[in-house]
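Shown here is one chain on its own, the form predicted alone, set out as structure tokens.
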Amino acid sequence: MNNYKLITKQNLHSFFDALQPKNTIIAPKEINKKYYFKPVDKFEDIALDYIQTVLSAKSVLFPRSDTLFNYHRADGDYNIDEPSPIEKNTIVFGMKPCDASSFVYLSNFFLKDYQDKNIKERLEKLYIISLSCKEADNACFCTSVGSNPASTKGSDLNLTLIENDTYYVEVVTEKGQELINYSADLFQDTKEIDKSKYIANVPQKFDVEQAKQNIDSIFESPLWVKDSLACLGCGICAYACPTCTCFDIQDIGSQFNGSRVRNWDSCAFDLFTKHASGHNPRPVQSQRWRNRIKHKFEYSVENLGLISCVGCGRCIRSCPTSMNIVKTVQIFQGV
């Protein structure tokens, strides 16, 4: 579904006030001149004029540490207690379109073959209000991976600031209409408009189809070694990435009481693929860097039909040695 509305910034404030009492609202918030997704109680705390947050909102659906169940032993038997049901809906308010599209990949990854209970429940109670990008920086490359600064993919509502403190609102899903219904009188019906003059210009930096074909054919290329020499294996690219899904599962506690917990992990770590025997099929960093790139543009396409890169640029901004996934893809596109 798609229908179109207008709302003034003043009425957007009132819309937030209508949503806030019955929902948990997560939004970008400025902290020490950087932006992070945090729970907010006041509209004034939301950053509406920002390029990108340090970390994505991935943890709303896929937390850094996620308790799968608790266990305790009594009378010789083990009792399993699953996490309590989520009481409130969660609204992510003001995420960028690249981040919204990442939730399409995350939901496919966790629900396509096996219905992950925790993820499914969070997704059912998740509402996404995205905000089109008026500005971009050199790290942004959404247009290179088939998206754009005003994409509605993964969003329930998309807001585009057009003029005179007025937002053009696209109601993308039934969930989006549910949100509108909280205060329908704050919105004015309108026709579809051309958003292109109101959004950032993000130049296309590579041909993703050509890159996919070439990356598939150069598994043994010495270029992987040269391209990965700066990699420290710190994993910040994976932790900042909105679509990275590597995890480890650990039991915390004793044989009598404890929890089974799923924690974020990274294929950049040398222990990630190390077997109990001591053998490691990816013993050097160039192989781990190759795996990351091929996963983004080849393996995820084979498994889910989706590129697992949304062009947000966080890995570029956060890398301590200035490694750049765009430059890597450009190199291999030209092979």
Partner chain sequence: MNSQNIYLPYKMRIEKITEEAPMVKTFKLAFVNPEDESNFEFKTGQFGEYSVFGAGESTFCIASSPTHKGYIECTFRKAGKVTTALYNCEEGDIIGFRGPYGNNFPLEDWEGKSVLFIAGGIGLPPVRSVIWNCLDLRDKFKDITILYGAKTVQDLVYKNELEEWAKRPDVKLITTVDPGGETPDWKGEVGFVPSILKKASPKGENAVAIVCGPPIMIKLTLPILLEIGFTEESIFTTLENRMKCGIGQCGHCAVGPYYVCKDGPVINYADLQLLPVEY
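Keep in mind that what you see is a predicted model, and the values were worked out from it rather than measured. Positions refer to the first chain, counted from 1.
Just so it is clear, the following notes concern the form predicted in complex with the partner chain, a form of the same protein that is not shown.
Of the heavy atoms in Gln52, none are within 4.5 Å of the partner chain in the predicted bound form. Interface membership of Lys212, defined by any non-hydrogen atom within 4.5 Å of the partner chain in the predicted bound form, is ruled out.
Though the partner is left out of this view, Gly253 does reach within 4.5 Å of the partner chain in the predicted bound form, counting heavy atoms only. Contact annotation for Thr245: at least one heavy atom lies within 4.5 Å of the partner chain in the predicted bound form. With the partner removed from view, the residue among Asp189, Glu124, Glu174, Asp194 that has a non-hydrogen atom within 4.5 Å of the partner chain in the predicted bound form turns out to be Glu124. Proximity to the partner chain in the predicted bound form, defined as a heavy atom within 4.5 Å, singles out one entry of Asn164, Gln115, Asn201, Ser217, which is Gln115. Contact annotation: the partner chain lies within 4.5 Å of heavy atoms from the stretch 73-81 in the predicted bound form, the single such stretch among 175-183, 128-136, 73-81, 147-155. If you take 280-300 and check each residue for a heavy atom within 4.5 Å of the partner chain in the predicted bound form, you get Pro281, Arg282, Gln287, Arg290, Asn291, His295, Tyr299, in sequence order.
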